[in-house]
Ligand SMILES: Cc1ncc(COP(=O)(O)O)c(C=O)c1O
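This document starts with one chain, in the form predicted alone, laid out as structure tokens.
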């Protein structure tokens, strides 16, 4: 194991063990391990965090995306815009619903979907829906986009898998879109010790459709549509309920670590950073730098015992699973940036001495 692993869930667990273990025992003693009180509490808390009327907890963020698309009731082969720089599920969920992903290049200063390119696609009637991804914890601006999509009756889904705690102009994700998706993957700012996700919306119609999809289309004793089994485990819901109490303090710590990284590395000529847009509150789910000689730097940091990742090394439009959806769109920005990004360790349990080692190691490499 690296001396400074990229993620330390073990350290996080030790800090909250005294709350986690009794909660797990209480669930098991209750005899209700699915769709019980813990799931209901998660749904109520998440709806409150996002200031939305309905929340449906699911077994994964991927299911949240897939069910959200299904809830829209789009026609087969509908075209859905999605950024080419995001996790694979943002686009695979489109294909799962017999729709066509329309990949969009990114803004080079933020790595978020290029707004002007998206607007051109919308205005030229080349997309039937939009998945806006809040990448690394920074929110995609949506006001201008939604002003256009509403007139054209084009639905918008927010992929907020990485944006729990993030805000734009004082508002959380979900205030401008039709449906918002969340992930409780273990790597997220609030994660399960397994898998989990949620769909949030102000639409009762969409929420009810997602509930039907969650468990075999069951409505009472009758199954009224073909659904799935995507129930979140009560054990995972109990863990998430505990972790949500730390959302603010953990986010403050992440932001402090990001601030230290920026202050200490900003003067390095061979490094650059993505801009935080005015009005955005970043949750720093990931701290991503742009660097020259990426492979050499990755190798050097690994030898120093520092764990790193690349989010994401291959733009979505270049993945083999999407080769049948090839497009003539320009992807110059994302293809360039994807060759230069590195994600550094950033989690609340990261110690000051470890932060200094990461910084000093990068400075030594570029001496």
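Here the structure is a predicted model, which is why all the values come from computation and not from measurement. Positions refer to the first chain, counted from 1.
Form predicted together with the ligand: not shown, discussed below.
**Student:** Please identify the residue among 294, 188, 253, 243 with any heavy atom within 4.5 Å of the ligand in the predicted bound form.
**Tutor:** Checked against the cut-off, the match is 188.
**Student:** The ligand isn't shown here, but in the predicted bound form which of 338, 308, 304, 60 has a heavy atom within 4.5 Å of it?
**Tutor:** It is 60.
**Student:** Is the ligand in the predicted bound form close enough to 78, 81 and 130 that every residue in that trio has a heavy atom within 4.5 angstroms of it?
**Tutor:** No, the whole trio is out of contact, none within 4.5 Å by any heavy atom.
**Student:** Among the candidate stretches 203-211, 118-126, 83-91, 167-175, which one is within 4.5 Å of the ligand in the predicted bound form when only heavy atoms are counted?
**Tutor:** Contact-bearing stretch, as computed: 83-91.
**Student:** In the predicted bound form, does residue 230 have a heavy atom within 4.5 Å of the ligand?
**Tutor:** Because no heavy atom of residue 230 falls inside 4.5 Å of the ligand in the predicted bound form, the answer is no.
**Student:** Is residue 161 part of the interface with the ligand in the predicted bound form - any heavy atom within 4.5 Å?
**Tutor:** Looking in the predicted bound form, residue contacts with the ligand include residue 161, since a heavy atom lies within 4.5 Å.
**Student:** Does residue 180 make contact with the ligand in the predicted bound form, using a 4.5 Å heavy atom cut-off?
**Tutor:** No.
**Student:** Closest heavy atom of residue 312 to the ligand in the predicted bound form, within 4.5 Å or not?
**Tutor:** Residue 312: contacts the ligand in the predicted bound form.
**Student:** Though the partner is not shown here, which residues of 195-218 have a heavy atom within 4.5 Å of the ligand in the predicted bound form?
**Tutor:** If the 4.5 Å heavy-atom criterion is applied to the ligand in the predicted bound form, 195-218 yields only 196.
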